[in-house]
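For reference, the chain that follows is the form predicted on its own, supplied as structure tokens.
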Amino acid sequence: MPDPTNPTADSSPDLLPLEQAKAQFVQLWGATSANWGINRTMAQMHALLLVSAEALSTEDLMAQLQISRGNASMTVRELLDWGLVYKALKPGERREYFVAEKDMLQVTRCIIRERKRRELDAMKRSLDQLAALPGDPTEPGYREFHRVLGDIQQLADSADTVLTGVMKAEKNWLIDKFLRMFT
């Protein structure tokens, strides 16, 4: 197994340089997936499909990632739900084949949309429910609780606005804004 922290390590001398680089990329993408809130297998499958020139079947994914059929099927389904992978038809084939979305801005939008829906939107609903709880506004504990909730709600609303803007952004606009942060 390649060391994702050392891309020059030659842990598989049997592999051609391109295949070795792809294997290292798959491992790296999987290793960093925890930072994005997705599991390693989902990230590795996404990475494999990203760097594949041709559509891959579930059997191809199982063999290359050394995972079970159930794991492969559930992971493909989740990638399809996120909009990161699409079904591809191959004439004369009964198997389903899959390709990854290759436009990295669109990949970013898909990830932001899902993370926002699963985490930020859920948190905002919970905060709204907590803020609606009855109590005595003259009580210092009640006032402090609602002050903190209000601050968090304001931050969550700002994050929601920024993320919505990124999801709607045109590629050139986003790159321009990103580059301005560093110049």
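Start at 1 with the first residue shown and count on from there. Source: prediction; values computed, not measured.
There is another form of this protein, the form predicted in complex with the DNA, and it is not shown here; the text below is about that form.
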For the DNA in the model of the complex, the stretch among 39 to 47, 116 to 124, 143 to 151, 129 to 137 with residues bearing a heavy atom within 4.5 Å is 39 to 47
Is there a heavy atom of T58 lying 4.5 Å or less from a heavy atom of the DNA in the model of the complex? yes
Is E96 part of the interface with the DNA in the model of the complex - any heavy atom within 4.5 Å? yes
The DNA contact in the model of the complex: S68, any heavy atom under 4.5 Å: yes
Determine whether any heavy atom of I112 comes within 4.5 Å of a heavy atom of the DNA in the model of the complex, and answer yes or no. no
